[in-house]
Every structure is written in C-alpha cells, then in structure tokens.
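The chain below stands alone and is given in structure tokens; this is the form predicted alone.
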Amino acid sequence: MSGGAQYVVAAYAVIWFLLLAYVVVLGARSARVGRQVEAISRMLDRREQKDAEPDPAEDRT
C-alpha cells in the first residue's frame, strides 16, 4: 500500500472511532435521562398519592 493510501485508511479509522464514541456517549446520556424521567415520575406519583390521602387533622372538626 502506498503512503497516501495508508493516511486515507488511518483517517477513516479515526473518523469511525470518533463516530462510534459519539454514538456510545449519546446512548449513555439517553439512558441517564430516561432513568431521571422515571425517577421524577415515581416521585410525582407518590406526591399525588400523599396529597389524595385525607388529613387526620381535618377530621377532628
């Protein structure tokens, strides 16, 4: 292989590696955001359940 062709192959390898790393980072970030959304959803559900329960202090009147 000539010297120029080796540089082209090396450039393609670097580009593919960077693209793969970018996709992996995006996947990890997407998974993290999904977990955060799920946690917030559970917290809101618990808050709604807590707000829906009758307050025992209000029943004394």
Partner chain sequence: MTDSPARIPGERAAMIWGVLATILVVAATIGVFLVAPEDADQGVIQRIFYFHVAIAITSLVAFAVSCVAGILYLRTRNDRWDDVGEASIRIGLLMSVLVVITGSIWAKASWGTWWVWSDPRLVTYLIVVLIYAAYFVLRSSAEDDRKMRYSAIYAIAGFASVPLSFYSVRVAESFVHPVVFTGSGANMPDSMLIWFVVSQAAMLALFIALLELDLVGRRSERALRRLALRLENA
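Residue numbers count along the first chain shown, from 1. These numbers were taken from a predicted model, which means no experiment stands behind them.
What comes next is about the form predicted in complex with the partner chain, which is not displayed.
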Legend entry - Arg46 within 4.5 Å of the partner chain in the predicted bound form, heavy atoms: no
- Query: Applying a 4.5 Å heavy atom distance criterion, does Pro54 contact the partner chain in the predicted bound form?
  - Reply: no
Across 5 to 42, the residues having a non-hydrogen atom within 4.5 Å of the partner chain in the predicted bound form turn out to be Ala5, Tyr7, Val8, Ala10, Ala11, Tyr12, Val14, Ile15, Trp16, Leu18, Leu19, Tyr22, Val23, Leu26, Arg29, Arg32, Val33, Gln36, Val37, Ile40
